[in-house]
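Considered here are two forms of the same protein chain, supplied as structure tokens in two stand-alone entries, structure 1 and structure 2.
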Structure 1
């Protein structure tokens, strides 16, 4: 085999090695452990069994946790998609100065200069019973007593998720919109299209790649998180990853691994559905 024929294999060898060590091998271990048996006071026992999956899939608690996770994911995905699209649209097509657009885009990244935990907990003095929102509404006479559902509720969880993950939707949509030839918009306007028609028929179709990539980011981040749900709901809501966390706490690693495999399968199905709608590879080569 000549050097020219083996050169492509040598070029991809480092990436293949990294993926094998840090992706394939860990996932393989998780899948293998998911078929082990857990024995109380002993721990994981390497005996093949399907009982972990049977227990999870037949448990009403498991179904409630996964439904809660999917609910949060879809709500956050819808909100971040709307925010990400219109913020990106404003930065790309309404800010004429490139430096100003870049500066405004960087402002969106300012919250990421601090810890996720700090940014999440910072909502407590805003949403709490003695928080800014409740105090402002009471002073305006709109409510007689504080709104208890603002904090330690599903609403608080969604607010925290949107705050944490909107940027992951903005960045890919911004990049997709920045590639759009602005002469297409001018041609559409000259042809008699309204501003809404231009957005719907020109900007939105050409931004599908960014929306799809942002959706994958948001889906994986929300479905893989458990800390936000625990803290912002006050323990009143749960998620699939919180179930994994509880199993790890009691060292029931086989059931935690089985739960992780199920969660990974759901995430992959959602990502596959997104990429079925938008062929990202074909869009990127245009």
Structure 2
């Protein structure tokens, strides 16, 4: 029957159309524009020049921004992975009632469905000079002067990232752990393993795919961020993407595009490396 044969193509056609027109074509154009020339007072001019790449790669600012992005990425990756692992572990193996576990899991996920910008701004009255933490510490007499580094600093940037992105670790790790057969753990204990051994040799390897998926999310989110780093560092720090943001604001689209291509290459390389370790699609349908 021919309908049966062509049915999948019809069903996937709308998705294919959207992806082709609004993902593949735009990304292709970003690559094309990255070879254009930026003329002062005129704007982007079609051309084929490598000048944008040469300018970027020879500029110290670029390297500084990328280095700072990588630094933030690694710090946030480490914190969110540890938090995500232990919170999922608590929910899956320590909470005995399934309904309670699901309710607690939902509590962790609800903020995901609210605005990131608002959640980021909400740190202002907490971390600020006259914020809650400084007020509390002053009242307790632990400090005389408010701590200035709490807000508008690298510390604040990391706090905001962890606040926004830990969820992306919890969900896949929770998902992976929930599939672990609990009798495996009992078998390990019966065979003489300590509880730490069980976590290290049974739970951790079996949660590997969840951690990898979470890592893909956290890496791409931190690398692609520009607004958290701009607001929370008070303009003191930057990221690779905030460099692109600045170029767009001065209408230098060719250089922004070249920078975007570099960023995209790095992000896709990291994601591919992680996807080599796990087959996401098979994990999802398993």
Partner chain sequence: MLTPAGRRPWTFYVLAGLFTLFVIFLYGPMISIFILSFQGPTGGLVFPLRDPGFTWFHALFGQARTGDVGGAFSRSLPLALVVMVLTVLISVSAGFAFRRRFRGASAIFFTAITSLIVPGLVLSIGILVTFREVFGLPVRWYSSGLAAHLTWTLPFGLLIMFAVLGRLNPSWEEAAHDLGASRWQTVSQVLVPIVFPGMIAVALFGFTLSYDEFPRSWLTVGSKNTLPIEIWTMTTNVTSPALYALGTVTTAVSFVVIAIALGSIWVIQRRRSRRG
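Source: prediction; values computed, not measured. Throughout, rigid core stands for the largest set of C-alpha atoms superposing within 1.5 Å between the two forms. Positions refer to the first chain, counted from 1.
- One chain, two forms displayed separately, with the form predicted together with the partner chain being the second of them, structure 2.
- The two rigid parts rotate relative to each other between the two structures, and of 180, 146, 245, 27 only 27 lies at the hinge.
- Treated as two rigid bodies, the chain shows a rotation of the smaller part against the larger of 13° between the two structures, based on C-alpha superposition.
- Core-based superposition between the two structures puts the Cα shift at residue 272 at 3.1 Å.
- Its Cα shifted by 4.2 Å, residue 16 is compared between the two structures on a rigid core fit.
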